[in-house]
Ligand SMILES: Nc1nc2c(ncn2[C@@H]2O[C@H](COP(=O)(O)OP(=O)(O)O)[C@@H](O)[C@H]2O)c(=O)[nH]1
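In structure tokens, the next block holds one chain alone, the form predicted on its own.
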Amino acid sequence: MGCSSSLPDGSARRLSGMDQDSAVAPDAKNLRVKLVLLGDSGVGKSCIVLRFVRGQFDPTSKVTVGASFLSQTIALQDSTTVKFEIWDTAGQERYAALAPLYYRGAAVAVVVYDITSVDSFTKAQYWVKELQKHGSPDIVLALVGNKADLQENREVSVQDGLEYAEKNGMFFIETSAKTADNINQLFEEIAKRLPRPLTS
């Protein structure tokens, strides 16, 4: 269920040229970072991005086709600015083969599941394994349990999410795109964990 506009199907080919860009621009105080969101269809990836970039939530949003791109800059307390170039990938099975085009060269991968769906948690674990095999060796990984506002329908415990994340060297957080709970904290925490380029 995409919460933002999407690129047409052919976009992956046109955009694959951006992989040549370095994942993190080499300026210690102004970082430019490629971030990719992965996860099953309907877990709320687009809603998380839309809430972060535009402060909006659209309950009637459309499914993302291929991938969509948005960017947002945040400032940290140490006066570093981080510009996130966010690639929100489609979760449907038929687009899975395109995902490597988006996570290749990414400095950050945010793997999202829905706390009310065990199946989506299983799919999240599949994406983590793919990233461990094919992603950048120093990629910052975050595991996000979304839809934390639906506590009464919870199928995946906080403990399960936390244990899986710790076992795989990931940062873990639960969010709600609907209520905006922990959305900004997610991106701030990622920003703090980014490797800083060395200044001469």
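On a predicted model such as this, the values are computed, not experimentally measured, just so you know. Residue positions are given as counts along the sequence shown, with the first one as 1.
One more form of this protein should be noted, the form predicted together with the named molecule, which is absent from this view; the next part is about it.
The named molecule is not drawn, but in the predicted bound form it has a heavy atom within 4.5 Å of residue 64.
The closest non-hydrogen atom of residue 43 lies within 4.5 Å of the named molecule in the predicted bound form.
Contact check for residue 146: a non-hydrogen atom falls within 4.5 Å of the named molecule in the predicted bound form. In the predicted bound form, at least one heavy atom of residue 57 sits within 4.5 Å of a heavy atom of the named molecule. Judged by heavy atoms within 4.5 Å of the named molecule in the predicted bound form, the contact stretch among the candidates 27-35, 128-136, 43-51, 157-165 is 43-51. If you take 150-177 and check each residue for a heavy atom within 4.5 Å of the named molecule in the predicted bound form, you get 150, 176, 177, in sequence order.
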